[in-house]
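First, one chain by itself in structure tokens, the form predicted on its own.
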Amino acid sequence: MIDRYRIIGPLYDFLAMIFSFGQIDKCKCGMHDRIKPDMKVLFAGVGQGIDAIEAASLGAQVTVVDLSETMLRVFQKRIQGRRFIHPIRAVHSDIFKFDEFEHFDMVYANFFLNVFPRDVVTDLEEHLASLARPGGYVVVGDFSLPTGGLFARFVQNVYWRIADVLFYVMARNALHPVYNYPEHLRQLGLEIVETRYFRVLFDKRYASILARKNDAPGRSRKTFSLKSGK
């Protein structure tokens, strides 16, 4: 399988820092105050993994999953020589084939869902929710829906499109509008507990969304085939 992040992968976090003035990294860790020692936490599409490293530093039992060998190689270099209470488990896999259902206290999808077209995102969100335990949480950190007046929404949409087109060219990610993650998660029966915003040039450009899974065990455990994406 072709690793589409072979070229841009090593530059990913640097580009994100420049593009967002550091706000993407803050967004990725935006709900980390919810992490308690010994919690089982999954990071889907972990990339270079600043969020996963921070969670492990807080004493969580961290599992990371990524299909890109390049991203996992960079991640492994970042944690080399570091000691955590619980060693980080890295899994090289298509996230749809990762089937530890109802196992995790928190499941993170930070700047991962925007890689995919809308039809795959729907299936992926349901799959990620199935990996969280009853009463557990799904966290989505990503671009925020444009808000404000006409000009403000125009600027925010242009800002998103720059990133959208760049990653389409560099990694063949899907082209699409900003996704309405809160609505998607509600449709899955999750409760939106909290949303934290991260600003660039006075606008809400990024959001970390905390959604709680219902307490009833045995939610849908479908298995999907990955159509495209990381």
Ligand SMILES: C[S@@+](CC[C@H](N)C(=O)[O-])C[C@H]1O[C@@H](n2cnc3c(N)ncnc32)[C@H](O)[C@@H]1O
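So that there is no doubt, residue numbering starts at 1 and follows the sequence shown. The shown structure was predicted, so the numbers you read here are calculated from the model rather than taken from an experiment.
Same protein, other form: the form predicted in complex with this ligand, not shown, and the subject of what follows.
Only one of 185, 31, 67, 60 comes within 4.5 Å of this ligand in the predicted bound form through a heavy atom, and that residue is 67.
Taking 106, 71, 90, 121 one by one, only a single residue has any non-hydrogen atom within 4.5 Å of this ligand in the predicted bound form, and it is 71. Screening 80 to 88, 109 to 117, 131 to 139, 145 to 153 for residues having heavy atoms within 4.5 Å of this ligand in the predicted bound form returns a single hit, 109 to 117. At a distance threshold of 4.5 angstroms between non-hydrogen atoms, residue 94 is in contact with this ligand in the predicted bound form. Under a 4.5 angstroms non-hydrogen atom cutoff, this ligand in the predicted bound form has residue 12 among its neighbouring residues. With a 4.5 Å cutoff on heavy atoms, residue 55 does not count as touching this ligand in the predicted bound form; it lies far away. The closest non-hydrogen atom of residue 46 lies within 4.5 Å of this ligand in the predicted bound form.
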